[in-house]
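Only one chain is shown below, in structure tokens, and it's the form predicted alone.
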Amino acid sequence: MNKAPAFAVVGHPNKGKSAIVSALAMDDTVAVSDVPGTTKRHSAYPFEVDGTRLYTLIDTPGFQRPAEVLEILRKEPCPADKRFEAVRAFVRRYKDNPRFADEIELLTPIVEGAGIVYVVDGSKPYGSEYEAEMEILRWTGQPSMALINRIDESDFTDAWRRALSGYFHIIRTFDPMQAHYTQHLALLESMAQMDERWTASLKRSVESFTAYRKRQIKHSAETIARTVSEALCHTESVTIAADVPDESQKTMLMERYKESLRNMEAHAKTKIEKIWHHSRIQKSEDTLSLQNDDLFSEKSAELFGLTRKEIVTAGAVTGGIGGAGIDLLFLGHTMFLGGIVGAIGGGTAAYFAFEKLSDIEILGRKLGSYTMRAGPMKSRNFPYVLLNRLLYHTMRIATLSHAKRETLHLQPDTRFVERYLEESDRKHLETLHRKMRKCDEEAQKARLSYAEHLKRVLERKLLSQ
């Protein structure tokens, strides 16, 4: 198997080199800053899947004195087949000279065999001052491509393309701040064309990267399904040494129950961030609201999931199925009364549980003390609220470039589930919600089906962006 290729990302200072390295290596530890000269040393950032290195991105300082370096290289006549050696000799000769410290740092990985990714800012006009550094890169003879990164709104891409075409055969536009899956794949495929020695390796990288992305989606779906399932079945209990529990004790238990649900959501979000390699993300977001006005109102029901009418109808269908079992037991001699009674019971239960978070139950008295329990979840709308928040979080994190450093403001779109899931999807999930509420073996099977359904939804969205 060929050695995984390495690519030195080079260019003028402050043109987005570090951002490109961060995005392509999916590594948010790369130092990204608007301050020129932030990168002082070349640093390697390998991208690995299952312990196998697919490629390495090397972040480098920007050129500082390219005209002087080129002048030194041109002092002696040098045929084209000897230019690489001339550059390597320059690196050796001036490696301890502080005047050329940046040039030595960026040229070192190139003379050691790295390919070249030359980055320019397409929002700034082309100038002849760039020609010296492009000529130096051409002297190395290493496989190369140019990336046009528009940092601002102005667009000088056409002029840059004309200038770059004299030095690079492969020219691509790439915005590291919007580096989604399809752009990442397209760039990898372009890099595979730089040198035939790397083609097979990078083709395998594309396949491995796609398989890896699917695993990330699968693990995210499983995390969401597990969280929703556990939240529906979660209970909190407390033993109280008193004759009769008072209201303050009940309130305290309910608050503890609510806090547990919030912690479940927070833990799931942290896990999703880890799945997508965002370990240092700065974010601002609201915690899971469990207030009646926010969570259980008619308005929130219509925004987050099924309407009250749809939930009652779903409950009636369930009750009808249960009642139908009575009819089957008596071979239909009940004149289908069982189905009617079951439907009424199921619909009524769904209606009255609609606005209730949980009961506070007294489990029993033992040796002068009471055990109180809060949970499991009663609200039919709650799982849609939680699902909406976790799906939104997953989509934002999965599509977030690792090059971004500003605070991510996460305010869940209340129409997110409605937009991403068809009505038939939501009704199917309601069926699975009912099964998961049983908290038994059937609930575990329902959770697996729930995760599989979410995986398909996320794949449709995340593999096409």
Partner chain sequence: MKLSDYFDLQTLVKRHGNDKAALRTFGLAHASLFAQPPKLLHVWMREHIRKENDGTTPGEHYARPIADIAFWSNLVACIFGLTAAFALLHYNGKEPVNLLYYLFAAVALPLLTMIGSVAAMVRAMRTHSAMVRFSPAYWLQRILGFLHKEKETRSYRIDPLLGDWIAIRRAQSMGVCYGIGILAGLLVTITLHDVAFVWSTTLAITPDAFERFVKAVAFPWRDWMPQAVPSAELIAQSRYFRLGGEIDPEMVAKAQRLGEWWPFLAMATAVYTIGLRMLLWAVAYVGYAHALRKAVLRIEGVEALLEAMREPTVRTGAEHPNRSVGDSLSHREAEATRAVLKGAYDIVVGWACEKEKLPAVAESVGTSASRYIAIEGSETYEEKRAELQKISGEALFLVKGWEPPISEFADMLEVASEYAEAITVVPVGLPPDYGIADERWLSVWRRWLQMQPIEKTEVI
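All figures in this text were calculated on a predicted structure; none of them were measured in a lab. Residue numbers count along the first chain shown, from 1.
One more form of this protein, predicted in complex with its partner chain, exists but is not displayed; see below.
- Checked against its partner chain in the predicted complex, the candidates 71, 196, 189, 158 yield a single residue with a heavy atom inside 4.5 Å, and that residue is 71.
- Between its partner chain and the residues 215, 162, 203, 92, the one pair within 4.5 Å by heavy atoms in the predicted complex involves 215.
- The closest heavy atom approach of residue 129 to its partner chain in the predicted complex falls within 4.5 Å.
- Within this chain, residue 273 is remote from the site of its partner chain in the predicted complex, having no heavy atom within 4.5 Å.
- In the predicted complex, its partner chain lies within 4.5 Å of some heavy atom of residue 445.
- Although the partner is absent here, residue 152 lies within 4.5 Å of its partner chain in the predicted complex, judged by heavy atoms.
- Only one of 261-269, 216-224, 168-176, 247-255 places residue heavy atoms within 4.5 angstroms of its partner chain in the predicted complex, namely 216-224.
- Although its partner chain is not shown here, in the predicted complex the stretch 104-124 places heavy atoms of 123, 124 within 4.5 Å of it, in sequence order.
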